[in-house]
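Shown here is one chain on its own, the form predicted on its own, set out as structure tokens.
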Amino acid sequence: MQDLIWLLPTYPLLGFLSLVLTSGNLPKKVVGAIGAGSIGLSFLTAAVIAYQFLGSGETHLVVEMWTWMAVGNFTPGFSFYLDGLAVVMMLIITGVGFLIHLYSAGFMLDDPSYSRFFAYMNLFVASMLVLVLADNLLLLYLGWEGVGLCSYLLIGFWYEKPENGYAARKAFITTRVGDTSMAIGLFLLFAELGTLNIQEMLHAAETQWAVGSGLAVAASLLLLGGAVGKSAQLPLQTWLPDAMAGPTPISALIHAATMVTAGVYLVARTHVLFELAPNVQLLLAWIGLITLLMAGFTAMTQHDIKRILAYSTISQIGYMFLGLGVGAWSASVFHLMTHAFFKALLFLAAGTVIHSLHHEHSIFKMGGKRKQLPIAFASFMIGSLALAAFPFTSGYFSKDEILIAALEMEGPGMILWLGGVLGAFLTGIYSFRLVFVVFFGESKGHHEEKEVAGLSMATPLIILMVFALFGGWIQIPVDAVFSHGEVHEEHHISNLMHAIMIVVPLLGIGVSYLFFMSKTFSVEKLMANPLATRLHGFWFSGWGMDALYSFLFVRPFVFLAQVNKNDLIDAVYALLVEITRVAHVMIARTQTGQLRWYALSIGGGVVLLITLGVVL
């Protein structure tokens, strides 16, 4: 087991290096085999490690590879930490990641940059594995920044279009805000606790800091800043919808198995700090709740199939933050896993739809596609049922645990629960709005197209359908990780509350059916109302967040850039140079070579100095 763990990030890293060093000169079959095969090997290795670890009865394992640097007492190493949380994360990353790579082998086959695509994808997975396996925050930060770099490269993969480059820069800059917050948090933790080893740091914080202390609050707030950036939560959520500029498999990898789950993992891994700062932990819950509701309302107004799923991801990550905020650590990680199953399924199915319909993205230019696209239809139906928490699908179990924990929380628990239930209602509406518009009714275009889904594309969809349906029955081994902060008791809520949590998402599906399937209610008549039109526009814009940031940050920056287009700073130094030159010319003119003028100057200077001395 200890001899195998280092292979997890090494396989995809070697895949990345082999594809980069061959400069795209390998045959596409070889490229696909290296790209997907390296992740497949990592998954097999992860499965063996998980089997051995869970069977050993150990709670954790540290594997020290080598010392990274040694500066005084600061000796961070390339060391891996394995416990139940790391086991769950590595299986999700490699398992779902392998299915996405396998799908990509068929989806991207016609792309001229096939090798570059898989090189970036392999590096992405390697970075994420380093992030979740690191035993110290510095190594975790290395993986954290590697994930950020790869997201930039992949979102802007089709860089020929300027809008794709803009989306990549937006993601990179927005997440850098959170990354800077996290970096400052690491400086604070090291300065105060003397270590960045995660377990030693958590133990030191627990023994040295009182609950509610200023240092605990500051450290947890700074780490929360990093988490909201990577996981696209309020107020740094605006980058994720634009990240749809990249190829669809990239969207699936970012949303399901890698980047946006990094913030959830960070908070879960450092949960002790948040327990020491209860107000910050409550803030975490409110951020999750507000984000999931904002994203839910926005998803109902979108017409781009991938943007609907993007806002859905923001909303579901909001549920995970809500769970973390109410202390349901295990439930949040559980929802992270089930979300990986059904969101990867939905994105890959969306890729099949887009690929089959000649890169069409608007759901209102589709319609009636269930017979033309049977695999995509089945995938969307199962994925949407899980997303909407239909009873006994994977999403039902994990979301139910989070809402129950919110309900049992003292203080604002009831409000948080009501907000979560409202979010489930919105999820039912927007998820099945997509299904009904795309796959039912009359075809609005692309009448004769056949489904483009070869074996490499269909197999991952079928496997993910099974996990989206039955993944909720998987028992994840994370209770021991959070046992200090979690009391394991049976839930005691009324049957009425259970019934509400089951019925409300079904009501959302029913509302969607009445509007978009049976046409009992008319969207056109609803939009004739001026208030509805204004709300639709406001929600469609993402609650005006992009416009707000443009007003506060982008426009002032552009204004200053225009003012400074001739470089005022250089002009100041140029002025100093000119003053010096002129002064030099004037002084040089005093050098006449005539002795009487030199004597007069010296005498005048002496008189002036004596006068000043007398006066002062």
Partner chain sequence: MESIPIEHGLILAGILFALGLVGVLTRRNIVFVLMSLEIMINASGLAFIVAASRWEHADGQIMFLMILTLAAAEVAVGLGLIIQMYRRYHTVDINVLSQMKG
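Note that the rigid core is defined as the largest set of C-alphas that superpose within 1.5 Å between two forms. The structure presented is a predicted model; accordingly, all values stated were derived computationally and were not measured. Residue numbers count along the first chain shown, from 1.
One more form of this protein should be noted, the form predicted in complex with its partner chain, which is absent from this view; the next part is about it.
- Contact with its partner chain, judged by heavy atoms within 4.5 Å in the model of the complex, is confined among 52 to 60, 544 to 552, 26 to 34, 583 to 591 to 583 to 591.
- At least one heavy atom of residue 600 is located within 4.5 Å of its partner chain in the model of the complex.
- In the core-superposed comparison between the shown form and the other one, the C-alpha atom of residue 56 has shifted by less than 2 angstroms.
- A displacement of 2 angstroms or greater separates the C-alpha positions of residue 601 between the shown form and the other one, with the rigid core held in common.
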